[in-house]
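Encoded as structure tokens, the following chain is the form predicted on its own, with no partner shown.
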């Protein structure tokens, strides 16, 4: 999820914009909505809470070339919409994915291959212990979309 950002950045010059998110996500997208409203640009909103995934899929599929997609939601919902949008052909240049709420990363242990989750201060430090084999891991920026996790390297050799 390297293409996931912490905040939205306005991308000017698109024909149409889609703002998609849960309640907190749509609040995060309010500055973008304000710009689009002030500039009288074409946009629509998709509420992830009010609409089922097939309805979201149908709405994203119906968008025309030149549409820019903003998705802001908590991690699981964001991952689901990102996967859906990628299958529909949205490229990284045509979409922004913004995570809201508590930051959490999944770490793949290079020794025992167990995936664990870390959040908060552990992410900032970048060093953690694997809960399965107790190996001290250094958090890398190598992300696997198949595992949906970052690779944890050996932090120190004894």
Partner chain sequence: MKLDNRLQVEINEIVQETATIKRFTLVQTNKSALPAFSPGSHIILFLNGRGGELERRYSLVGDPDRRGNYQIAVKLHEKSSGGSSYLHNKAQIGDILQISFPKNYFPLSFQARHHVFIAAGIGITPFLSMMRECKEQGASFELHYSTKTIDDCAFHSYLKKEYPQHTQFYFTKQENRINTTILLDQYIGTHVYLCGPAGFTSSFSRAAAIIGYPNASIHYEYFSTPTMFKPRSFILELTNGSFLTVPAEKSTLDVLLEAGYPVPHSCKVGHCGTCELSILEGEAEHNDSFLSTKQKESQACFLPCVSRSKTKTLKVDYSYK
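Positions refer to the first chain, counted from 1. These numbers come from a predicted model, not from an experiment.
Same protein, other form: the form predicted in complex with its partner chain, not shown, and the subject of what follows.
With its partner chain left out of view, the stretch that reaches within 4.5 Å of it through heavy atoms in the predicted bound form is, among 56 to 64, 117 to 125, 97 to 105, 25 to 33, 56 to 64. Not displayed here, its partner chain is approached by residue 90 to within 4.5 Å at the level of heavy atoms in the predicted bound form.
In the predicted bound form, its partner chain lies beyond 4.5 angstroms of every heavy atom of every residue of 117 to 131.
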